[in-house]
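Presented below, as structure tokens, is a lone chain in the form predicted on its own.
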Amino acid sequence: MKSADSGKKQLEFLKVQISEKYCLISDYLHFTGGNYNLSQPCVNIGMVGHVDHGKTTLVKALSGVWTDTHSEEVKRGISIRLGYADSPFMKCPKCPAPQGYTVAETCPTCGEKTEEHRTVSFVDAPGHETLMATMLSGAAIMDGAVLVIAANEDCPQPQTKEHLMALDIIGIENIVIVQNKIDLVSRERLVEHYHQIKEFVKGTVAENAPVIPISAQQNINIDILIDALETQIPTPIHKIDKPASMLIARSFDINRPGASIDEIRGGVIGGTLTEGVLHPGDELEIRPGIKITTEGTTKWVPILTTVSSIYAGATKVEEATPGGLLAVGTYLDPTLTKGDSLTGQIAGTPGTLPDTRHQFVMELHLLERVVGVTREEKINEIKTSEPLMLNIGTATTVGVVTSARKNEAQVALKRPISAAIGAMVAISRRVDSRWRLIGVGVIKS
């Protein structure tokens, strides 16, 4: 916690008023967590739920990092982009669980110096209904999730439903439910609200998830929550003997305006390794790459570059393994990475990445009803010429249906993606001027 505060102070001198086309170096460290001297995170845990239920405040309580750093987020008081923060879960060698768990360097119960138990990366997903595509992109890199439900509102709220359905569709089974803002309601209301939660999750992927009552604002029961996260969301087993493959969730230009040529640093990509190992000096291919138009013809060309540095948290590492979030420095022209322009692409060992697809055929698995709206409606079959919002990995694109049958559809993409046969596709449709999740697809060809 102290290290995060000191890191912020060290960055104050870099803050300048600049236009949106630039990215502060502080954003780079906010992506990697803003903390210093942490072990590499080994698991990504998502924070999901309805808008203003306390997801970002809970990440702050667990990590010391306030993930809403974009100017519009600060102004509106909601998350717009995916937020990221790394946090060490510390354990007292003397006190038993759950009292022994904390994020502090000394045990709040006995004062003993704590030991690092596990470092995790938190992915803070926006809860606003207009930002479902951003939430789905974040869900692609989650190993487990915390479903945050505020006790001072009835359960479920529209995006509580939609986010839980998204976790179910994408296949995230390790879930902990947080009943937040318990300091704002009476004991009787808390018990009533608990029963609302249990009724809501009945028959879903979260039916057997523990419900932890907390106050993120007042740091109540944070030790019990950490204990539940340690029990319910284990570190996944990754394939490190495979070629490196990284889902890109953010990309940055970290150079200050007016920097001299000697000071210019290459573009940075942020995301998570799904398999393989990465080192400084390794060659990288990025797909689909960049769009090039010549003589009226447009094509997408993969980008080749070399890894210059790797940061886990704000700690420079010589080897990166799957699990947790990474910031990877490259020798790319920073104009290629500024403003999240490479978000949704895949980086990895050259010659091993999935094909770039401008269209594909997918097997359909639609929900019975639209969720995330006050009045739920029956989902009709997908029709030819219908536009759909498609999320594949961290990529979001729009596909126009060129042919459709009951359980299958072919789509032509507005923006190509890199994806393998068998990749999962989250499908959303325009309902009342908003994109609403309606099902999942599996790429067949």
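None of these values were measured; they are calculated from a predicted model. Residue numbers here begin at 1 and follow the sequence given.
The same protein has a further form, the form predicted in complex with a small molecule, not shown here; the description that follows concerns it.
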query: Which one of Asp355, Glu207, Glu368, Asp183 is close to the small molecule in the predicted bound form, taking close to mean a heavy atom within 4.5 Å?
result: Asp183
query: Which residue among Gly54, Gly399, Pro416, Gly393 has a heavy atom within 4.5 angstroms of the small molecule in the predicted bound form?
result: Gly54
statement: Answer among 327-335, 175-183, 266-274, 103-111 for heavy atoms within 4.5 Å of the small molecule in the predicted bound form: the stretch 175-183
message: Test of understanding: in the predicted bound form, would Ala216 fall inside 4.5 Å of the small molecule by heavy atoms?
response: yes
